[in-house]
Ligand SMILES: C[S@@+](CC[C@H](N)C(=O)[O-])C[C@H]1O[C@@H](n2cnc3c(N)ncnc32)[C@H](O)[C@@H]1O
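The data below hold one chain only, encoded as structure tokens and taken in the form predicted alone.
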């Protein structure tokens, strides 16, 4: 293995123990690891989370969750991973923690990222090391896995992108939203998709409490030539309100964060504006819905309720005029 003088980095790997487990056992483990990964992604010391599915092409031999961090934070993150795994009742996995400096191992994760056509072919999402192919959608976002959560692979992100694509198709008759908010932007993927698909939108704001996330969003906006279209801010929904109100709000955030912000999100949503809440597990749907209906939202009657993908749901809401 070739090594180089690169900046050390670290990973915590959660791997299913038995390779003889049934596909049903794999599916159950993947579901639970998916929930664990969503929680860990919100940790300030976690730079990225990757779930590897053995049922996919070139997938690993057994289910794996890879948590990226720094050598300095490795011990703390490893402890958090073990505690979270145990809290979800996952007792048939092994957890390892390693500091890495080798380029060969650093690049192995690239095989798990492939171009994706989203929104029924409305948008191509691809990593930078894979070139475009004949027949790819004209509109695309180039995004590499990196320091902030949100590469488009997670079901919650896909639920949001599907709605962005659906609204962009309807924009010719219903009109495009003029002001768009990506709250808790992570990598900035939702803001970038909205800016690409709603070319007439005059303001797309991406905001996150984590400066690492907003720095990453700025880098990704530059990579996609969208710095003039996407305004990036570090802060919370109260900070976002200064650039509002918004015609379309995207909040791909966990339920425990969404619920206490219901009134604030209502306040920065324009009358008649639409809101998509993702990052919500199926068993959390009632709690989140109750908080947002109490804040003054109503269900979007034009959309199936709720939209689901695996164990995750998306709530499509409207602030009445």
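Residue numbers count along the first chain shown, from 1. Since this is a predicted model, take the numbers as computed values, not measurements. We call the rigid core whatever largest set of C-alpha positions still superposes within 1.5 Å between the two forms.
The same protein also exists as the form predicted together with the ligand; that form is not shown, yet it is the one meant from here on.
Does any part of residue 177 reach within 4.5 Å of the ligand in the predicted bound form? Heavy atoms only, please.
No - in the predicted bound form, heavy atoms of residue 177 and the ligand never come within 4.5 Å of each other.
Going by a heavy atom distance of 4.5 Å, is residue 190 a contact of the ligand in the predicted bound form?
So residue 190 counts as contacting the ligand.
Is residue 220 close enough to the ligand in the predicted bound form to count, meaning some heavy atom within 4.5 Å?
Residue 220 lies outside the contact set for the ligand.
Could you tell me if residue 70 has a non-hydrogen atom within 4.5 Å of the ligand in the predicted bound form?
Heavy-atom contact with the ligand at 4.5 Å: absent for residue 70.
Counting non-hydrogen atoms within 4.5 angstroms of the ligand in the predicted bound form, say which of 236, 140, 231, 75 makes the cut.
Only one listed residue qualifies here, and that residue is 236.
Under a 4.5 angstroms heavy atom criterion, identify the one residue in 125, 183, 195, 164 near the ligand in the predicted bound form.
Selected residue: 183.
In the predicted bound form, which of the stretches 265-273, 29-37, 252-260, 292-300 has residues with heavy atoms within 4.5 Å of the ligand?
Result of the contact check: 252-260.
For residue 49, decide whether the Cα shift between this form and the one not shown is 2 Å or greater, given a superposition on the rigid core.
Yes, its C-alpha moves 2 Å or more.
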